[in-house]
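In structure tokens, one chain follows: the form predicted on its own.
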Amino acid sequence: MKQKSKIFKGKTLAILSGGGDTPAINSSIESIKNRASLLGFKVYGIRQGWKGLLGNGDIVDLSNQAYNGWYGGTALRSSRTNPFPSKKNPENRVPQILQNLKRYKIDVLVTIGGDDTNGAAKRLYETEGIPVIGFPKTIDNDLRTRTMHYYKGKEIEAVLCPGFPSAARAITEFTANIKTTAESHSRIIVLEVMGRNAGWLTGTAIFGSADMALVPEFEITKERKDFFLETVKEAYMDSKKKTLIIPVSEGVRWYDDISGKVDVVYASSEVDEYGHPRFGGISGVIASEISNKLGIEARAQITGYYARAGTCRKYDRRLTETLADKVVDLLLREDYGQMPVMKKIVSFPELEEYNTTSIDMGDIGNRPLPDVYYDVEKFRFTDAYIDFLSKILKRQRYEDFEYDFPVVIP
């Protein structure tokens, strides 16, 4: 029987993005918008995350509008607003959310975010019956997507989130570039990389010729710090150009000689509405200890927001489109409270809907770096991690200056 009109004609779907930005959010918005429009939805954009559903609302119409998905970040902007009561903001703002959803006649809500944003959406679905679909987003790649990595007969639970592939490429390029200044001064560069609780992104620096690495999953106790410094000295003395690049996650737990405690380094004591403090500065602490205890010149370099910034890369672009295809399936079946994910880690050509599935938004949580990906005794990422990363990033050959000048003896 011929369908006389589009399935969801007369219905409205709204999209919001919350939490930290990534290079792939605009691509996610565009992909979801285009597919929802094909189904007949009017598509709205909610600006500044959950904040855009407070007060009188901050809503824009994305229907029949051009949208540049290659441009990084989010044109809908973002915030770390929590609609539910928190220590920082005890007010329950759920009634405002419900009022605006009704006021703007929003039938379905798609939330692009991590555990916090999608966790709030899932709670609204469970307590208020709001039809929601979550969409994954993080450069840290620690959102539990239950994506399997098959390596040498092993089944490893990995993670694959939009935003990570573009950020990974940015970190590899940053690492490859910083190498020239490290070589020029025979220095050790301690490269600080975003990663509050997980070292997924830190590991991508190895494709830019990083030597060692520290990740939050394995704290650096007094004994391990001594062993780490000893390993650094040996690696530096063995290096032909007398230089090392050591990426470290911002959330690394480091032993402090004065306090006698193992803890993170805080950039600020202030916390957001989800209770997260701001980390930053661990690279300076480690570089200082290398210089003072080993007598080797070391410098800290914070990559900061560089990993989040810039254009959406090709893998991310294809990934967001593939997951948006799965959103269509969820919409058609009205299967709400779900988040589309990849079933397995695949190379670029295999990013297709048949390799996707969906998981309950209440079961997302966080996924740290599996032990099989990191050699805790050598402070290095393993071949298993390299295989995981090679599915996502094509390993590039960066420029190197090969020389072996003969020494002049007077």
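Numbers follow the displayed sequence, beginning with 1. Everything numeric here is computed off the predicted structure, so don't read it as measured data.
One more form of this protein should be noted, the form predicted in complex with ligand F6P, which is absent from this view; the next part is about it.
### Answer range among 88-96, 230-238, 132-140, 213-221 for contact with ligand F6P, defined in the predicted complex as heavy atoms within 4.5 Å
Among the candidates, contact is made by 132-140.
#### Entry: The unique member of R253, R80, K122, H149 whose heavy atoms fall within 4.5 Å of ligand F6P in the predicted complex
After the contact test, the surviving option is R80.
### Query
Of the residues K314, K242, R196, R144, which one places a heavy atom within 4.5 Å of ligand F6P in the predicted complex?
The option sitting close enough to the partner is R196.
### Query
R278, Y305 and R308: each with a heavy atom within 4.5 Å of ligand F6P in the predicted complex?
Every listed residue reaches ligand F6P in the predicted complex, so yes.
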